[in-house]
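So this first bit is one chain, no partners, the form predicted on its own, shown in structure tokens.
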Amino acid sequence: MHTTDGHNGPDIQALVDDGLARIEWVHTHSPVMNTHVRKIVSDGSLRGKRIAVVVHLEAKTAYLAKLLADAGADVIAAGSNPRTTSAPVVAALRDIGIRVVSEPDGDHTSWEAELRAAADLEPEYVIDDGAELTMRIGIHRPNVFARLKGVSEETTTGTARLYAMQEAGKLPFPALTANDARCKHLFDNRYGTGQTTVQAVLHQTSRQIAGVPFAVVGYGYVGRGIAQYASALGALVHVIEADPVRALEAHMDGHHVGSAASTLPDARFVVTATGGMRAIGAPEVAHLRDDVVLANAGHHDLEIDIDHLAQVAEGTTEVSAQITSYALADKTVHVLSGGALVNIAGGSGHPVEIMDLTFAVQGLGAHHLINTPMTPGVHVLPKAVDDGIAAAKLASLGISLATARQEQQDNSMDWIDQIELS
């Protein structure tokens, strides 16, 4: 990505033009960001604030970075996964003057170096994904960590990490769990990941889903969304879930619920959505059927234990740029996108309309951190901010809401006022 010689590498201007066109497409389809968010963050409070944006580095993330920069912030952009950084987007961001520390086509070694480079630029605020930059600042740049003024976290995994840091007494600044905002997890995790994961799996494999056993590992909001979309296309959805309440919910939603041992031998597709590691590890691999397709929709590239598959395989075949087949002694297992997030590494990521909501949460989350005195620890975005985002989205759709009349209000206070404590 460092050459402009048309004979030795890509044409940089062509990459820039491609990236700018992708960002403009996002702009065209982001009514909440364009109006509601831009109006609020343009109050001057972001001017000169150094904000690191560390999310999958594609066009929708680029538009968030550009909006913050337009509001006067000093933006640092980095990728939250080495497999999801877009070359055209990197070129376009650099062309418009935003510092980007990540390169496309990297690996975990180069990605670690990029995150440390972002830390070296000493951000005051971090918009993070998986708390990847936040943790590395804490480990490798303690002086920068001590000066952090706030973090806004994108994911379920990152939120769990922040709570763990808080419990350990190692979270000396306020952190917003953007993931727990209703306008994020109710739509992004379920509808965004659900739709695009199933799309990516089918696009990469050209396989039939109707009437086929389809296993989802994990039944949080992401797992629910995948199960919903797969079921709508006729798949026979099976759910593997360790949490009894979520397992019961999956059963009530009409899915077959079972253990790995009872489910995996029949599943033709297996999609992980746990947010943890090795959801499909050595014990689960033993139960897989021949010709099974494995894909990951959770945060970690390690939800599918690729190292174990490589160790026990008698051979591997790169079927395509996105499919690797592992020939085991008794079966062949196909892994999509190298075990990385299948909907981003092997697709175009979430729908623009979904990310309009998610990045509205992140943009206004950063604004809230900058303008609101907050104690150290994990906080949820205020309900009023969340409601404002939803109202702006509804307005963009031409939807107006009814207002409750006085006589429709509950009259419990009339009774409560009559209660006397002895």
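Just so it is clear, the model here is predicted, and its values are computed rather than measured. Start at 1 with the first residue shown and count on from there.
Below, we refer to the form predicted together with a small molecule, which is not included among the displayed structures.
Visitor: Of the residues 217, 227, 176, 78, which one places a heavy atom within 4.5 Å of the small molecule in the predicted bound form?
Guide: Flagged contact: 217.
Visitor: Only one of 310, 282, 242, 327 gets a heavy atom within 4.5 Å of the small molecule in the predicted bound form. Which one?
Guide: Checking each option against the small molecule in the predicted bound form, the one that comes within 4.5 Å is 242.
Visitor: Report yes if any heavy atom of residue 337 sits within 4.5 Å of a heavy atom of the small molecule in the predicted bound form; otherwise report no.
Guide: Flag for residue 337 set to no.
Visitor: Indicate whether residue 132 is a 4.5 Å heavy atom neighbour of the small molecule in the predicted bound form.
Guide: Looking in the predicted bound form, residue contacts with the small molecule do not include residue 132, since no heavy atom lies within 4.5 Å.
Visitor: In the predicted bound form, does residue 292 come within 4.5 Å of the small molecule, counting heavy atoms only?
Guide: Because no heavy atom of residue 292 falls inside 4.5 Å of the small molecule in the predicted bound form, the answer is no.
Visitor: Given that the partner is absent here, does residue 341 sit within 4.5 Å of the small molecule in the predicted bound form, heavy atoms only?
Guide: Yes, contact at 4.5 Å.
Visitor: Are all three of 155, 184 and 274 close to the small molecule in the predicted bound form, meaning a heavy atom of each within 4.5 Å?
Guide: Every residue of the spot touches the small molecule in the predicted bound form.
Visitor: Since the chain is shown here on its own, which stretch among 96-104, 167-175, 83-91, 298-306 would lie within 4.5 Å of the small molecule in the predicted bound form, judged by heavy atoms?
Guide: Single hit among the candidates: 298-306.
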